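Just the one chain here, laid out as structure tokens, in the form predicted alone.
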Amino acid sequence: MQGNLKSVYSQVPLTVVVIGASGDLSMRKIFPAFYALYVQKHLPHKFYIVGFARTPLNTDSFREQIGLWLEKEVRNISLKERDDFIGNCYYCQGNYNNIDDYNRLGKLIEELEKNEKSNKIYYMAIPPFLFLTVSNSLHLSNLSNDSGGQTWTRVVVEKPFGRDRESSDELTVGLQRVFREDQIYRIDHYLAKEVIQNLMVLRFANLILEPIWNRQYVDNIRISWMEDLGVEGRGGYFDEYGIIRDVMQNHLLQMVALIAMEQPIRYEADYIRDEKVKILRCITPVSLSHLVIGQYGPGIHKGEQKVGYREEEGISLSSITPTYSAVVLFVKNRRWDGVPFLLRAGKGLSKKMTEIKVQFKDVPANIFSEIVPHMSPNELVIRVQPEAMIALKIVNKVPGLTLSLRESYLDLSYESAFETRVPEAYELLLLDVIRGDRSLFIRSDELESAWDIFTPVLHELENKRIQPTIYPFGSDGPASADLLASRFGTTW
């Protein structure tokens, strides 16, 4: 990892092929991220962004769409910079399994390069079931090859990476038939969020935390991911995967790994990922006794009537796909043995929020317990969204002539503490792909270890057709999740 963002202007041109370029992910996240890199001069002097998708567009209509989305997503946009950027964007319509269409794509790239070979990024902004189809088509049309070592070729794939360990392994093997492992960049955009990146700095650059970051002082760790939205038109996709595969097995498990891992030998990609793999292999597979699943039903949120999950477009009335899950994980090593890691994730809830809470143990033989009988223990709160912050809950004396105690927070708000623009996650991820920095991307053995934790219980849920508990849209989820937390002496 590089300590500072340095310009990656170079003499070697860059060609980015966005496969699935007309979709929501491409327009809402990928093109605005490339635009931001362009404005900050983090793209080479010569770059080409080629969209490839089935949608009947041409280059002009494609550029028009990108321009409209940039105006929608980017604050204080410069029209000149916008026009200069989209002038480097091109479109090739084609089917994902048609080699002739890929040959046309190859000819377009050759015309843009003008005999000057470019580095290439293939960004697969498509459903996972198309990854291997597209990879094989790129291979058969000779688009996936490096140019004799003079330039590089990299492929970016979005999660979810399979539905279980077996399908994930098949996907890994299929991709590795076309690309080397060092060419494959598996994105989990949560790893690029500022607060998540700061976890390692917080832990390993501050001496004060290390002596208490263990089972002797930590009572439990709770991670919450909450959304006050439903499936928002993504019913077909979501019903195939559910909340455990869509959020918990990747986003939340990555947070667990960063919280629980040991210090890497150096701040370099492979050393960091080595430690993440080690800690994931220490987590015992989830059991049904430590799992709650729920599904949102009809409810009222912010004064508006919301339909239940089974009434959403594309969802079967008999669907058992969970939109909420709470789980307790245990890390079997000397640092964390016996400390419960409680995770919850859900849609259709009362608010949008992602945060980590590290709750410390009660003060032994506390001399103030008679003054405040039910004093809360210290707690470190790391909030990812909506407002990024880090806060430490402590007990203070209230100023005055009597001894009165009150809990208060020592907090650091990112917005007020750092007078700088916080980059979007995709900006950093795409820049790291260009730089070849793989620290924030998932390695194949890391993926295997993560699936091993959840695959058995996912199969059990489906084989037994276990029904999720229905909770009202706009609530905090099923009451059984609160009971699960209470079993371990805590609340969410």
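Each residue number is its position in the shown sequence, starting from 1. Predicted model only: the values in this text are computed from it and were never measured.
Keep in mind that the form predicted in complex with a small molecule is missing from the display, and what follows is about it.
Contact annotation: W152 falls outside 4.5 Å of the small molecule in the predicted bound form, judged by heavy atom distances. Taking non-hydrogen atoms only, F131 never approaches the small molecule to within 4.5 angstroms in the predicted bound form. At a distance threshold of 4.5 angstroms between non-hydrogen atoms, R222 is out of contact with the small molecule in the predicted bound form. Shown alone here, R82 lies farther than 4.5 Å from the small molecule in the predicted bound form, counting heavy atoms only. Taking a 4.5 Å heavy atom cutoff to the small molecule in the predicted bound form, the contact residue among I293, L171, V247, L280 is V247. When you look in the predicted bound form, the only residue of K72, K352, K332, R215 with a non-hydrogen atom within 4.5 Å of the small molecule is K352. Contact with the small molecule in the predicted bound form holds for none of S167, R186 and D445, as no heavy atom of theirs lies within 4.5 Å. Between 205-213, 404-412, 134-142, 231-239, the stretch whose residues reach within 4.5 angstroms of the small molecule in the predicted bound form through a non-hydrogen atom is 231-239.
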